[in-house]
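Here we start with a single chain on its own, the form predicted alone, put down as C-alpha cells.
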C-alpha cells in the first residue's frame, strides 16, 4: 500500500490536509482532515486536477472522518469530485461521514447526469408544405369568422346610427386622412414626375410628346393613384390599428370590454372601418391630382407643352367612368385595410413580440389583398368598359 500526502496550510488558524492512499492497484482512498471551507478549498483544486492527471483509479473512496469543519464551499468541492467520478464511470463512496457533513452535502444537490442532446430534426419539403397549408386554412377560417362579425356589427350600426362612436370616427379620420396628406401628396407627385420623364424619353423620338399627358393621367387615375394610396394607408393606419388593438390585448383591455358587456368588434373596429371608407377615396382623388401635377411639371419644363395643352389632353383621356372606378377601388381597399388591420390586432399574442408580429402581418396581408383585389377589378372593368 502506497501513500501520498498533500497538505495545504492557508494563512490563519484553518488548515486542511489531503492525502491519497493506494489500497489496491485500482482503488484510491482520498483522506481529508482539518477544515474544508471557503478559505482552504481553493488550494485543493490544483491538487485535485493533479490527482486526475497522474492517477488512473478504478474506484474512489473519500474518507472524511478527519474533517472538523465543512461549509458549502467544501460541499461544492465534493460534488465536483462526484461529478468527475460519474463522468469516468468510477464507483464513488464516502467513509466516516458525520451527520453535519451529510447535512451540508444535502444543501448542495448533486450535478444531474447530462443526457445526450438529440440532433435537431429538419422538416422536409413535404412537411413544410403541409404545415403552411394547414396554417393558411386556419387563418382563412379566422378571417372569415371576423368578416362575419364585422358584417353583423356594421349592419347593426346602419340600423341604429346613433350607436356609432362618431367622436372616434372623426379621430381616426384625422389620423388616417389629414395626417397622411403630406406623404401621399409627395409620393404621388414623384410618381407623376418619374412616369412623365421616363415615357418622354421614348415618345420624344416619335414626336409624340403630347401623349405623355394621356399616359400619366390614365396610369394615375386608373391604377397607381388608388393602389399607391391604399398601400401608404396600409403602412400608416393599418399597422397602427393592429398595434393599438394588439396592445389592448396585452393589457387585457379587450377582456375588460367583454366583461362590461361591450362587443369588441363593434366597439373598436366599426369606427376605424367607417373612417377609412370616408377618407381613402378622398386621399385617392388627392393622389390623382398630385400625380397629374407631377407630369405637368415635366411636360411644361422639359417637353415644351403649355399648361392648357397638357390639362386639355389629360381631361380628354380620362372619363367619368375612370374616376368612378378609381373611387370604387378605393372603397374596397379601405375596407380591406381597416378590416385586416383590426383582425390581425385581435389575433396578437400577449407579448411585445406578438404585437410586433401582428403589426407586420397586418401590413403584408393588406398589401397582398390590395393587389389581388386590384387584379380582380382590372379584369372586371375591362369587360364592363
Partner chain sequence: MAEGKENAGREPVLIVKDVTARFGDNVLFEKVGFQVRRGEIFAIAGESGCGKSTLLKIMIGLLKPASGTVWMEGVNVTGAGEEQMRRIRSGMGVLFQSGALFGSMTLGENVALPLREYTDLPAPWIDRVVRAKLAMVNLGGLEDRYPAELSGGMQKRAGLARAMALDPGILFFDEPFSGLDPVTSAELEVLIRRIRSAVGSTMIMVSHDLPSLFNLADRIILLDRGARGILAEGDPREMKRDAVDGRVARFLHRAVPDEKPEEVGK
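It should be emphasised that the depicted structure is a prediction, and the values quoted were computed from it without experimental measurement. Positions refer to the first chain, counted from 1.
The discussion below concerns the form predicted in complex with the partner chain, not included here.
The partner chain: the contacting residue among 128, 252, 102, 304 in the model of the complex [heavy atom, 4.5 Å] | The residue from 128, 252, 102, 304 that makes the contact is 252.
Just one of 204, 142, 312, 258 has a heavy atom within 4.5 Å of the partner chain in the model of the complex. Which one?
-> It is 258.
Contact test in the model of the complex: residue 47 vs the partner chain, heavy atoms, 4.5 Å = No.
Going by a heavy atom distance of 4.5 Å, is residue 262 a contact of the partner chain in the model of the complex?
-> Yes.
May I ask you to check whether residue 154 falls inside a 4.5 Å heavy atom distance of the partner chain in the model of the complex?
-> It does not: once the partner chain is placed as it appears in the model of the complex, residue 154 has no heavy atom within 4.5 Å of it.
Residue 165, heavy atom within 4.5 angstroms of the partner chain in the model of the complex | Residue 165 belongs to the contact set for the partner chain.
Based on heavy atom distances of at most 4.5 Å to the partner chain in the model of the complex, which listed stretch, 87-95, 204-212, 243-251, 219-227, is the contact stretch?
-> Correct option: 243-251.
Residues of stretch 327-357 in contact with the partner chain in the model of the complex (4.5 Å, non-hydrogen atom) | Only 350 sits within 4.5 Å of the partner.
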